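In the form predicted alone, a lone chain appears below as structure tokens.
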């Protein structure tokens, strides 16, 4: 049995933040501090991996294999999980020009015992073929980003924590969208809270269909109690602008909360841009800090 509670800070804290602009609209704004679950295994990565790890252990797997790029938070988390919970790990990495020291993420993964297989971007597109080469039968396959049906249950637990901590269901939840698993998990579990997704990738409208395909509770899709915003990517995945970096610096000074520029920074920035037009007065808003800090 995997003893998660020994090293993980659960439930993650829910912190109220204050700002004069919130007072103008009589808003209660909270940050769900998923970044505080664990220094290396944090945020939505943990939520999406939990039930996959339980399934792997139940099925007798002691080895995990997954996919990612040079800066993947998912790879980083899987490598840490291997170290802390006794799994052997392998990663199939997009970019055959890369090596073990190409990024902090890859260095960390390598130093924690993850076997890294570097493949061309063209070869990376056919993951089933790569699994024939690198994915032996004794390895449990974790999808890129950790997003699959089992991930929805972990995200659902996060929503239940929020409701328990507040004592009621919030009016809005904001979350970043990378692979779509967190957004899908939130839509799946509630029709009462409006889910506001901020896409961090450029030209990624295809994700709406992928999110819809993941949701088991199709009735919630009919309610359409969610919105996706496509124009806050700051130029593309992991791209940043001076405006975004300035916002992150000011936010830390005001609220003593660190943000990174890939996911949560873009989402928090978008919230401040949207709150005047998209958020009703006298509402409760929860902002999901998905971790990703090094």
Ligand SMILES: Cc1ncc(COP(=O)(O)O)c(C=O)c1O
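Quick caveat, the model's predicted, so the values are computed rather than measured. Numbering follows the first chain given and starts at 1.
Absent from the display: the form predicted in complex with the ligand. The rest refers to it.
Asker: Quick one: is residue 91 in contact with the ligand in the predicted bound form, heavy atoms, 4.5 Å cut-off?
Answerer: Output for residue 91 is no: heavy atoms all beyond 4.5 Å of the ligand.
Asker: Should residue 81 be counted as a contact of the ligand in the predicted bound form, where contact means heavy atoms within 4.5 Å?
Answerer: Residue-level check for residue 81: no, no contact with the ligand.
Asker: Examine residue 177 and determine whether its closest non-hydrogen atom to the ligand in the predicted bound form is within 4.5 angstroms.
Answerer: Judged by the heavy-atom cut-off of 4.5 Å, residue 177 is in contact with the ligand in the predicted bound form.
Asker: Can you tell me whether residue 47 touches the ligand? I mean in the predicted bound form, with a 4.5 angstroms heavy atom cut-off.
Answerer: Output for residue 47 is no: heavy atoms all beyond 4.5 Å of the ligand.
Asker: Looking in the predicted bound form, is the ligand within 4.5 angstroms of a heavy atom from every one of 52, 66 and 139?
Answerer: Not a single residue of the candidate spot has a heavy atom within 4.5 Å of the ligand in the predicted bound form.
Asker: For the chain shown here without its partner, which stretch in 105 to 113, 179 to 187, 220 to 228, 157 to 165 has non-hydrogen atoms within 4.5 angstroms of the ligand in the predicted bound form?
Answerer: It is the stretch 179 to 187.
Asker: In sequence order, which positions of 246 to 264 have a non-hydrogen atom within 4.5 Å of the ligand in the predicted bound form?
Answerer: Result: 263 alone.
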